[in-house]
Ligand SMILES: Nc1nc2c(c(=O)[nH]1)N[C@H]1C(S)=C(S)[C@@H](COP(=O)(O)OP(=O)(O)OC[C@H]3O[C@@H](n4cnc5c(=O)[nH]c(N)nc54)[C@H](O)[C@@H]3O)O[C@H]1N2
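One chain is shown next in structure tokens, namely the form predicted on its own.
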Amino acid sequence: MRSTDTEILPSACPLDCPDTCSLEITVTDGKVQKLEGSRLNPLTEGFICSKVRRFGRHLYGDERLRYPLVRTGTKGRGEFERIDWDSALELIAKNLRTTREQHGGEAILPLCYGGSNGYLTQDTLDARLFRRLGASRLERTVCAAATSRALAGLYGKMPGVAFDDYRYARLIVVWGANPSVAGIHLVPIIQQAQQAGAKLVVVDPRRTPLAKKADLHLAPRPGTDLPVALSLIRWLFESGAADLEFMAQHATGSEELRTRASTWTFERVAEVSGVPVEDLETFGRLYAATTPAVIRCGWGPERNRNGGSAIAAILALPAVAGKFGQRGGGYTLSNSGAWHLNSAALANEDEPATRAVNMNHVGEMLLHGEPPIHHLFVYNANPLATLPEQEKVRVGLERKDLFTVVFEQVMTDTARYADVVLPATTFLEHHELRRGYGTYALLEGQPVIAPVGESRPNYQVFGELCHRLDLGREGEPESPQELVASLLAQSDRGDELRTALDDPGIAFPETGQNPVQFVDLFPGTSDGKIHLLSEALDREATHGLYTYQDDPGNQQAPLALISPSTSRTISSTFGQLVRRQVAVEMNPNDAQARGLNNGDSVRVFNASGEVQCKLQISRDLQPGVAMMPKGLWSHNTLNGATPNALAPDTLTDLAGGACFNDARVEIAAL
């Protein structure tokens, strides 16, 4: 009998989640058998989410791309034949060269959005290639654009409260986040805090698992987080609970913020948001009276026309109430600002002043862009499943004069429209460096298995394309080891970080893994103060910062459709593994008013498109709100359309972000 060779190897999860888990991978005879959490990252504590535990199905499943493909049939049908890597790369290089010569570099559009990527998988050799080609620049605005801009404007990207320190808070506010499905390691910490007497407030349009266990749940209508936050700010000032001394010392713009919040009484906000006056007042009194108090601000409040101002108003609350300076007090949004490592600098090429394409407008650009896009290179993204105005994207991908490359791990909906498909490695098959944006951790992952089939890592493929197009330069970092070394060299602590990554295998920022805001962390603004009314943000905001824009619904489309993450999908990653039909959920009162019953086949529609699916009646949603999950693929609905077909390509008030939660629909029986 042949003996088996089993190893347990370390790795680090790069998927789009704030926790950045440390992993232990069981490998037998070169094949992954099991993924488990390790205790190297203190937050991981030995357990991981079900999505990553099932990663082997993604790694070895039937949809996994194992070798390059070239299209043989009509776009969208997924008809391909196998070719070798040399032929595939030569075909791509030839088209890139021809496109630039005949139409100019701006006719090339790289389309990527890598929430599930580390430093080496995006903005290194890929940026080098497309910058030197003079390609159009992609504004990656489909997620976190408005939140990032608001945070930078108010606090200069000051990192937030470490998740571990939530155990010290006496009040925890979870606003527009659902850690039960995205960032699960915060949940037991919140539970420990509750057991120790902490109060929990959840602000979310639906009853999430944490909302069901909260002391207070506010369910504002989507798009109304801004007036809710402004009403709390108004009440803090008017009731005398605002910390005027703290603001005088550490902030600017407090009086202007007070003026702009002054018209938002609890009564007016209750009418606009649907949150009862008594709940708003209870929240205000609880927040004012409790210290330490922490706000976990998620990305949900940004996904609408008021998104940037909403995030700014939420983040202003701990400054107005004086909640900083204590362990467990302040806010957490993204902690990526703790690291000052810039992978794009490894491109060795400044970003050219070429045309910028907002990611939310890709569908429109593919159809009507001037100059037209003739070469689309898709990697680290599945635009047909993730971008708004899905039908525009689909029709654009069908263009006969568009040459599309999709560089992917599995056969996505988008890949079926490609001219050439390239197989990409997963994080278990290539070298990666990953920072946390929730946890304060930097982790390095080495390959634990050989690439499946003929799949290759991003840095190898883009480096090869640079050379084939004569865009490489001698001595530039290209190997993963060279890229990591160059990246760490950007830090004054580079040698220290390298040593820590080697042993024990994890590094922390200079402030440590549990810094305290206004003790160890301070605003990164030009004057070191909080800009409660940032002049830059005020100029950039569509109608001025903190200005509320009315609900876009009408009689033809009265229901607000939201598309949150689930326990199976945070983005469209792993969507090929979710084979079941997915229902639209709605409140019983809304269903009754339309004569609909649980399990009915329905059409969810507006002027942009229509999704046909089953109906699920849910008391977890407020009247006027419907829900379909984020990250669906065509096989999850009756007609192949997903909620993105109903999402507008309008933009947030700051930074041109996506307005998925501004989708307004009607639901009727099929």
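Each residue number is its position in the shown sequence, starting from 1. All of these numbers come straight from a predicted model, not from anything done at the bench.
The same protein also exists as the form predicted together with this ligand; that form is not shown, yet it is the one meant from here on.
Please name which of the stretches 425-433, 261-269, 156-164, 336-344 has residues with heavy atoms lying within 4.5 Å of this ligand in the model of the complex.
Partner-contacting stretch among the options: 425-433.
Of 332, 358, 587, 208, which one comes within 4.5 Å of this ligand in the model of the complex, counting heavy atoms only?
Among 332, 358, 587, 208, a heavy atom within 4.5 Å of this ligand in the model of the complex occurs only for 208.
Single option in 326, 148, 573, 136 placed near this ligand in the model of the complex, where near means a heavy atom within 4.5 Å
After the contact test, the surviving option is 573.
How about residue 223: is it within 4.5 Å of this ligand in the model of the complex, going by heavy atoms?
Residue 223 belongs to the contact set for this ligand.
4.5 Å heavy atom contact, residue 652 and this ligand in the model of the complex:
Contact with this ligand, no.
At the 4.5 Å heavy atom threshold, is residue 306 in contact with this ligand in the model of the complex?
Looking in the model of the complex, residue contacts with this ligand do not include residue 306, since no heavy atom lies within 4.5 Å.
When the contact criterion is heavy atoms within 4.5 Å, does residue 564 count as touching this ligand in the model of the complex?
Answer yes; at least one heavy atom of residue 564 falls within 4.5 Å of this ligand in the model of the complex.
Sequence order please: the residues of 607-631 with a heavy atom within 4.5 Å of this ligand in the model of the complex.
Going through 607-631 in order - heavy atoms within 4.5 Å of this ligand in the model of the complex - there is one hit, 630.
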